[in-house]
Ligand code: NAI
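Before any questions on how it binds or moves, here is one chain, the form predicted alone, in structure tokens.
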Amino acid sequence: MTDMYTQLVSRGPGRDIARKLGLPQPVVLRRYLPDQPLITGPVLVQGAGSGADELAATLLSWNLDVRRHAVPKEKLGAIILVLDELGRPEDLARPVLTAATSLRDLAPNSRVITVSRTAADTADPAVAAARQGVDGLLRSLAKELRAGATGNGILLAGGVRTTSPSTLGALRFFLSGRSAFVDGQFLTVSSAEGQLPAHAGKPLAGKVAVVTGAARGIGAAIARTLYRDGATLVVVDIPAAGDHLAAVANEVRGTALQLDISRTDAGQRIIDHAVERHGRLDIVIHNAGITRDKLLANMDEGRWNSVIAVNIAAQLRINEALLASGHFRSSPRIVSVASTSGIAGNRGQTNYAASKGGVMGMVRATAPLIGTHGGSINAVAPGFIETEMTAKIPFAVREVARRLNSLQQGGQPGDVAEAIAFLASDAAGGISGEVLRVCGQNLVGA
């Protein structure tokens, strides 16, 4: 669904009128296209210490235009603030305020990225305070950025280095157009696992991926994006969606499996189909989900149970089958679609929010289990995404919902798909148990 308002006020007379009237001024976001530059304009790397030096040297090897010191009035594509050696809250002042002098030089659709360490890894109150301070700093700064610019953070756990594979993978994701609708978020790199792809344009080459709920909407976008990135697809949906599913399967040159995922044997059927048709199984994307909205006072057992059965109980059973299978052992990846409703709640969606909150709990608890096989599991939590479902929301309510984020617009199904494709790649192998919001930094919730 097209957001005509954003198209109108992003240029020319419409932009001038919106400015004069004090109306929201969203801009058309820079989204990923194959063969486009990772970032346009110089990248300013701020921070002292070996971590900043090593990261700057790596970015130079990517043929980026790297600066260690700002050039006044030079338009910047990104600012990377390396804060991995913080010892006290007072240590924030110098690097942060130095970077602040360059904020007005950020180009449209630019990036601000912090690289710091997790507060949970230290028992020193001063160190923990400094590290946790980066959280509030980054989320607040992201709300100050304009013209499609975003701010996100990378957290390093334990002894993970600033140049570990998944640190660089997360950095590449946040710099690129793949993260256009990800704003004010953090990803924790918990281990030195992972591997950057030999071909940046085909990070999933040689992988076999299953996508549930793939007949339309976000599921179809996920299938298309994984196919673009080199994966072989198995697309899954209920028999009633068979015609749409077949069309998606043909488009991505994959195979279709008509299946109700709430069946007790769904996991084994998925494994058997992937192995029999494609010889292996590497990635499973849990996208299938339903809504049966009612105020809790009016909720009946059928609505409650059906949402729990499809949205979380089915995923748990499928994951049990996957983890028990000898065919899901080669750096396996699972990515589940959660929702910001499971974080902040939503009126009339107690059943849906419970199921999506359950997805996030499942992901965190499953991370160490799949980690024994060198694998990872993560979730993506979309906010307001332009789909057939949101198109049915009454106009006034829809317009308000679109603007309630730092980017002042709704996301696209492809934005969710891009985040999933990254988390499904080996470049994210050191990231597990995480929930990444794709919501433009929605102003409601954590």
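Heads up: residue numbers just count along the shown sequence, starting at 1. Bear in mind that the values here come from a model prediction, so they are computed numbers and not experimental data.
A second form of this protein, the form predicted together with the named molecule, is not displayed here; the remarks below concern that form.
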Name the single residue among V208, A321, V310, M362 that comes within 4.5 Å of the named molecule in the model of the complex, judging by heavy atoms. V310
Only one of L259, I271, L138, L106 has a non-hydrogen atom within 4.5 angstroms of the named molecule in the model of the complex; which is it? L259
Is it the case that A119, even though its partner is missing from this view, gets within 4.5 Å of the named molecule in the model of the complex, heavy atoms only? no
Using 4.5 Å between non-hydrogen atoms, is D237 touching the named molecule in the model of the complex? yes
Taking the named molecule as it sits in the model of the complex, is I385 in contact with it (heavy atom to heavy atom, 4.5 Å or less)? yes
So, G213 and the named molecule: in the model of the complex, are they within 4.5 Å at any heavy atom pair? yes
Quick one: find which of 215 to 223, 149 to 157, 129 to 137, 67 to 75 has residues within 4.5 Å of the named molecule in the model of the complex by heavy atom distance. 215 to 223
Between 283 to 309 and the named molecule in the model of the complex, list the residues on our side with a heavy atom within 4.5 Å. N287, A288, G289, I290
